[in-house]
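One chain comes next, on its own, written as structure tokens: the form predicted on its own.
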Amino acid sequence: MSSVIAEKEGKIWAVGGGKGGTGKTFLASSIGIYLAKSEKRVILIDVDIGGANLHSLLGISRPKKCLTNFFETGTSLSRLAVKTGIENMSLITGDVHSLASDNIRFTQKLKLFRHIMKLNKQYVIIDLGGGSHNNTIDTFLMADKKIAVLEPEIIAIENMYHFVKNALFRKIRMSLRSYGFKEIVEHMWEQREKYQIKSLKELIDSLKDSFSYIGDILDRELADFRIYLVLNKIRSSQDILIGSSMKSIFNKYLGIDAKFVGYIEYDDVVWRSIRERRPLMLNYSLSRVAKEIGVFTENLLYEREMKISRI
């Protein structure tokens, strides 16, 4: 009985970060392939509505079945999953022809989340689109592991920070709404100069100091809010230090736990594999990049962090 339950539990990982072009799709596909090669049953879901291209990185044609069928005809997610040519791994693509991401209704979104949670797979890897729309943020918040990808350049770092900040604020508001306290949060944040609040961490601390019962709710609701950081396209040892720096920034200004799980060095083998439409983890499995992907995926699996020696 226990083995049956374990098979149905599943782990949902979402790969996000706000800005487009940071390598989220490449990382999602690579993580999925690594897990599948490790004999774990994986399903990839591309929820980049209107810009779904995860299939291209797997070297397969655009699936005819997609999330359009789920939203419009009620087709189950399991029936939308197509083979990828990689053992243990299937794909659901998110090319919703008649819907933009911001037009998906709240009830539709909740239905999608319920069905994702019911998928009988060991691992569900979700590739998020760019931007910070509520539907994207809510999908990120639903995940068991919230993976944030960033490049070591200022705009990408700022976008990723604001994406996580928006996700945390939405989590706070949604958590307190069911208890009738959402207006308190919004009021204190809108009047933050009056309350001398300079960051979300100070907002949380102020809420806890002012309302002990809200503090108990927040402690419970935010207990599992953890960010897993992956650096992409690093070019120097100094770039690697950005991972530990962002970890400190998240703790200082947002008051959340972050783990720096790994990085990928810049290497032409990545764009070569994308151009060839051949998965790097299969066709360049001995490359340095493939090994780095293996390292941080193992860190994700076992809740480990990169050990960084400061220069």
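The structure presented is a predicted model; accordingly, all values stated were derived computationally and were not measured. All residue numbers are counted from 1 along the displayed sequence.
Another form exists, predicted together with a small molecule; not displayed. Remarks below refer to it.
Q: Heavy atoms, 4.5 Å, the small molecule in the predicted bound form: which of 216-224, 229-237, 77-85, 160-168 makes the cut? Say which one.
A: Careful reading of the contacts points to 229-237.
Q: Using heavy atoms and a 4.5 Å limit, would one call P152 a contact residue for the small molecule in the predicted bound form?
A: Residue-level check for P152: no, no contact with the small molecule.
Q: Could you confirm whether T297 comes within 4.5 Å of the small molecule in the predicted bound form, counting heavy atoms only?
A: Because no heavy atom of T297 falls inside 4.5 Å of the small molecule in the predicted bound form, the answer is no.
Q: Answer with yes or no whether I242 is in contact with the small molecule in the predicted bound form, where contact means some heavy atom within 4.5 Å.
A: No, no contact at 4.5 Å.
Q: Can you tell me if Y284 lies within 4.5 angstroms of the small molecule in the predicted bound form, counting non-hydrogen atoms only?
A: Looking in the predicted bound form, residue contacts with the small molecule do not include Y284, since no heavy atom lies within 4.5 Å.
Q: All three of K19, D48 and D267 touching the small molecule in the predicted bound form at 4.5 Å, heavy atom to heavy atom?
A: Each of the three qualifies.
Q: Though the small molecule is not shown, can you say which of I60, M246, I256, I274 has a heavy atom within 4.5 Å of it in the predicted bound form?
A: So the residue touching the small molecule in the predicted bound form, by this definition, is I274.
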